[in-house]
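Let's start with one chain on its own, the form predicted on its own, as structure tokens.
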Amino acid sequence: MEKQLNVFEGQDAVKKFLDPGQNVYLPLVELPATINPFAKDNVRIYAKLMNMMPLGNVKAAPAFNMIKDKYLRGEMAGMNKIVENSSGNTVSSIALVARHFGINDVQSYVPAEISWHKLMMLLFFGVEPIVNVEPQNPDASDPDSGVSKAKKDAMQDGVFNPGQYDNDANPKAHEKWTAPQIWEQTAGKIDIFCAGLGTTGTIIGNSRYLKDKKPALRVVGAMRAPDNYVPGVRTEKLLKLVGFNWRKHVDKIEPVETALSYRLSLEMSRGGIIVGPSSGLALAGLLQYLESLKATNRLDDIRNKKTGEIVCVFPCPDGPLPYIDEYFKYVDRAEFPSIQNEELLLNKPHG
């Protein structure tokens, strides 16, 4: 294997480091049979580790692309503030990228039910949260929604709203960087791509590129089942806030429950692929889809006739650490070791 020193130097070293186009390919790691129940059916499942981007999450790519796209169009002059609707990875990534394009003031509308842990993360990265009570029925055009308020703020001079829910630079980031990597890493043998549905940028960008290369490719969208929680992914109701026509890029939708998402994330992490709950959701959606194909004897419909294999890829958006306390809420306590001499702890949590 050719050595890649992966060194970034000079005054713009960090800016170059944050540019997905100047980084080495992100790992594509095949799941072992202990996590892949379809291995015996010659189904190969690969995790695309987007959490190994420089900022530790998948949103680093669209954040960089949305900022750079505006810069290349000559529209950054006079901009001194960014306002977005986001409670986590997107606005944190935007803030870190924006500083290298001369903007230090970043604000974000966050829902009133945001966890204190997430608020601390935003404060840590220098983002000023604006707490907002979101409408009961999600609608991006509702003037009370964070999406609408961020757009209104951007009508002021010097304020830029990236607008992750309808800015085509979001999916284009994956069309430009993520999908070509996957295509090359699988030597064009990918048969199924499955991703969680959040802003839908990941699934749209990858679908555009991969289906252009291979029209028979199946694209599966994994969403949160109704009344189920998984950070970064939306229910069908909450997807109404998204401005993209994402449905035309998806062949099948799989609703996934909270507990399964966290359990599969835990299994992967303990197996050495340290990824968060939205990664578990994407894998769960893929497994559910494969199960439906097998139950109806349709696996052979997409099996490679030469190799006899089915190659699947799902992206892993981030790691588990920002949500570590949630695993003890959604995963059965029996899955965790006991604590010996627990009564001696000086800082035992309440409850």
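The shown structure was predicted, so the numbers you read here are calculated from the model rather than taken from an experiment. Each residue number is its position in the shown sequence, starting from 1.
Only in words, not in the display: the form predicted in complex with a small molecule, which the text now covers.
Counting only non-hydrogen atoms and a 4.5 angstroms cut-off, does P231 reach the small molecule in the predicted complex?
Heavy-atom contact with the small molecule at 4.5 Å: present for P231.
Close approach of I182 to the small molecule in the predicted complex, 4.5 Å, heavy atom
Residue-level check for I182: no, no contact with the small molecule.
The small molecule contact in the predicted complex: G221, any heavy atom under 4.5 Å
Output for G221 is no: heavy atoms all beyond 4.5 Å of the small molecule.
Might K59 be said to contact the small molecule in the predicted complex, defining contact as any heavy atom within 4.5 Å?
Yes, contact at 4.5 Å.
Given that the small molecule is left out here, which of S108, T178, T200, S92 has a heavy atom within 4.5 Å of it in the predicted complex?
Result of the distance check: T200.
Pick from 40-48, 284-292, 300-308, 315-323: which stretch has a heavy atom within 4.5 Å of the small molecule in the predicted complex?
Every other range fails; the passing one is 315-323.
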